[in-house]
Every structure is written in C-alpha cells, then in structure tokens.
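What follows is a single chain, given as structure tokens, in the form predicted on its own.
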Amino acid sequence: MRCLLVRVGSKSYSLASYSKITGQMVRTSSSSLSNNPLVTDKAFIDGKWVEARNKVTFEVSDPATGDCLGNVPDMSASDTLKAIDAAKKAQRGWAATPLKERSGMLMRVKQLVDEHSEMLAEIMTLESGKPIAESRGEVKYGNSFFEWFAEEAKRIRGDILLHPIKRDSRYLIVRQPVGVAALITPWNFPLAMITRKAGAALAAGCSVVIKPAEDTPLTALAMAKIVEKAKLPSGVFNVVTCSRSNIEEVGDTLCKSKDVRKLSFTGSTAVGKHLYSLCSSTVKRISLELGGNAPFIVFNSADVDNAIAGAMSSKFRNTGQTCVSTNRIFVQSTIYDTFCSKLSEAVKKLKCGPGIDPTSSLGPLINNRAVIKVKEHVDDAVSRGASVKVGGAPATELGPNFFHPTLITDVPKDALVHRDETFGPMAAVTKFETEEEVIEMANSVDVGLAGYVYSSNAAQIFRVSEALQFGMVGVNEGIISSELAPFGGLKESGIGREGSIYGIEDYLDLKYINLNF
C-alpha cells in the first residue's frame, strides 16, 4: 500500500505534513490502513480468508486523493458458487441453533464493533470519502441493528389455533428461516447496509453471502474480521468481492442459484429491476431498497430556522449521497425569500475537504461520474431559468471528485432535478402556492422512498403526510432513520422493509402444520 496523501490544489502532502502545515488534527498512525488490523486483501468464505480462484485482484482507491488503499480479490461466478455452497452447508446448523445462543453471538458481534469502532470509521472514510464524524456516526447507527436483531432473535413468534370442528386438533403456525440469503450492499453506507440486512438475516437463522459495492469492499471485509473474532460458525457469514467488470457475473449467479432463497439489494432502481427479473427464475424471496427523489415541503406556518436545520442535515449528509436525501425543496410563497436567504447563509458555511480531515463538513463524491451528474443538474436548472446562489461548480482545486456545496433557487417544475435523483451536494428550491399544488408536484415521480414536511398546522400535517406517496415521512424532522422504524419505500423505490420488528419477517417463511391427535 502506498503512502496516503492529502491533495490541496496542485500539491499533495502526506497526512503528517498536512497536519503540520494546517495545524489541523489529522491523525496519521491510525489513518494509515497498513496499521489497521481490520484491513485485509482476502475475501471471506467458509470461515477462511481466500483469494479469487484465478488470483486476480482489483484496486480500492480513496476518492479524496485517488490513492490506492489496497487490492482485494476480483471474484467470479465460480468463487460465488463456492460461497453459496459454504452458506448452504452451514444453514441447517445455524437455523437449529437455539435462539438465545444465536442472540448471544450477535450481541458479541455488536460488542466487538463497539471495541473496533474507530478502526471501522477510518476504513470507511478513506474508501467512501465521507467525513470522519459521519463515519463514526454510521458505526453507531449500523451497530444498533446488530443490537436490535440480537434481541429480536429471541422473539420470533408463532401461533396455535383451535380447530374449528375437531376438539383434539390444532393448527400450528411456525416461522422458519427462508435459507441462504444473498445481500448486495451499496457504497454510500458500506457498514450500516450490511448490518441492517445481515443482522436481520442472522437473527432469523439464515446464513449469508454478502457482495459489497466494488468501491467500498474494505469495510465489508473488516466486518468479516469482526464476525470471525465473534466465532460465528464457518459458512454462516461470507463476503465475495468483485470489480465492476465482474458485477453482472456475480450478481447473476446469486440471483439464479436455487440454493439462494432470499436476495436483498440496496441500490439504483434500474439495477433493482434487473435483479428482480433474474430472481423470478427461482421464485426466491426478494427485498429491494431502491432510488428516491425526496420532496422537502416547507409551509408558511413552519418554523423556518428548524426547517433550515432539517434541510441541511437531510440534503448535505454524506455529501448528498443518501437514498433519503432531500432532492426537491418546495417552499410556500410567503416565506420563500426568507427561507432561501437563510439557507444560502447555511450552505456558505459548509467546507469541502478530505473526509479524514475533521474540519471537513463535506467529503468528495464517490467518483467523477457523480461530479458530472451534479453539474448536469445545475446546468439544466440554470438553462431553464433557475439562479445559482451558492457554489454551482466542481471544486477542482481539491481534486476531481469534489463539488462545491450548491444552492439553486427559482427552479422550475420541468427541471431535471424534479425527475432525477441528484445524489450530490446540490439543494434545489422551488416556490409553491397551495397545498394541493405541492402534493401533486411531490407525488409526480415514479419513486416513493422518503419525504419531509414542515408545518405547525396539525390538521395539515396529517393531511399531507397521508397524501404523500412515500414509504417514510419526516414531520419537522430531517433525520428519519432508526433501527426501531421500518425502512422502505413505495412505487419503484422497492419492496419490503428493513429494521424494526418488521425487518426480520423478510427472512422468515410462514409454515402451517395441521395437528390431529
């Protein structure tokens, strides 16, 4: 592994020298992945650390600097089948493990994540680019799912019904694990999307095969290191890594395998539809958490300062790269100018920089394709009459993957941002007049993951929340995710729910047994 650098303009500095020049507390020893015991260059199959069968690897890079962080196996269909076979062999024993014992193992994973939280956060920041404070927050958030599902493992419920005619007969309703679960996770939350899926699957008694995003495999492998330390049985938790060139081969193998009985995917709507069709060949259980285009509605009666705080947290968290990120801000006319003025001041305070720098509020985007997309959305809105109030351009002085925090106002309803999810640090504000008008604009998209409503009118809150065609609605609140609440969307935003008491249901089959004595 090469020395990690911080790039500023045309110059690059080692983390140590950058700290001296700027006086900023950028930690060097723990930021070097060569010193992090959770970092590995192997995949994890059947309790063993393995190379790809063909020995090929691919590079994982830091989106902030372009530096190589390491190389991991570029696995193919044959490696994936090996992982599926290992999971299948482990499935019966894991499903038969007493609930309290299974719960205890998951709680041990939770405790080990706590103990290694800083190591996990630094891996995540370096390979995904997100600010270190957000990575630390993700470790806590992600670990809440292991704690939650460790507890839920002991609460898998069934029913006994009296026979309507026969006195000595009963109807027994039991829930059993569906079997091997394939989990395909995204790069924007490389730890939490694993724990939210794997926590539920493991608690239900399913063994898992995880295919992490090619941009962020090191976090997934670090989680495998922790699972190994927790001494979960071999084959219960497997991680298959692959490059972009092998994604289709590995994904098709997971979807078409008869031994995989459940697929959970978080990612784009287009890819989700493709996987959905592939899974039909084996009629496997499927959960899809797909794209969004979240409306953020601010009514005249809203507390404007609270709405600004909510918009900032919802829009700019993880540099705007979240599926529940605000994408379309609608502000009622009476408070429109006040809102835009205050939002402009708030956006100006944001600072771009390497995620490992604790003073950075925004890190890089995941790659240059993401930068190009944000610029296209800005240019399209401006071409239709919108005004750029803050930012509006890539932050090329920091590197190719940075984009200045951006605010555009007077965005017309036909702008691209109203049809397509930006997934970047661009806040787009549109004026509206009536409640009916804004509900129609909010619901005009094919997706329906999350929406936000700001108002102090109780009747209006109920009307609008229920009228919005979205699976989750935040009322006077910009951060809505919690392990206690069901996460998922309507329409083309997906199928199923994750987290909460409902999240485990997607990994359980309902069986009816007619008992006649």
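Quick caveat, the model's predicted, so the values are computed rather than measured. Note that residue numbering follows the sequence shown and begins at 1.
Although not depicted, the form predicted together with a small molecule is the subject of the following passage.
Is it true that 248, 251 and 289, all three, sit within 4.5 Å of the small molecule in the predicted bound form, judged by heavy atoms? Yes: 248, 251 and 289 each sit within 4.5 Å of the small molecule in the predicted bound form.
Just to confirm the contact call: exactly one of 410 to 418, 267 to 275, 127 to 135, 346 to 354 touches the small molecule in the predicted bound form at a 4.5 Å heavy atom cutoff, so which is it? Heavy-atom contact with the partner occurs in 267 to 275.
Consider the chain as shown here, without its partner, and state which of 391, 399, 235, 186 has a heavy atom within 4.5 Å of the small molecule in the predicted bound form. Looking at the other structure, the residue within range turns out to be 186.
Just one of 214, 79, 152, 122 has a heavy atom within 4.5 angstroms of the small molecule in the predicted bound form, so which one? Spelling it out, the residue with a heavy atom inside the cut-off is 214.
Residue 157, heavy atom within 4.5 angstroms of the small molecule in the predicted bound form: It does not: once the small molecule is placed as it appears in the predicted bound form, residue 157 has no heavy atom within 4.5 Å of it.
Please check if residue 196 has a heavy atom lying within 4.5 Å of any heavy atom of the small molecule in the predicted bound form. The answer is yes: residue 196 has a heavy atom within 4.5 Å of the small molecule.
Give a yes or no for residue 92: in the predicted bound form, does one of its heavy atoms lie within 4.5 Å of a heavy atom belonging to the small molecule? Residue 92: no, not in contact with the small molecule in the predicted bound form.
Contact flag, residue 181 vs the small molecule in the predicted bound form, heavy atom cut 4.5 Å: Taking the distances in the predicted bound form, the answer for residue 181 is no, it never comes within 4.5 Å of the small molecule.
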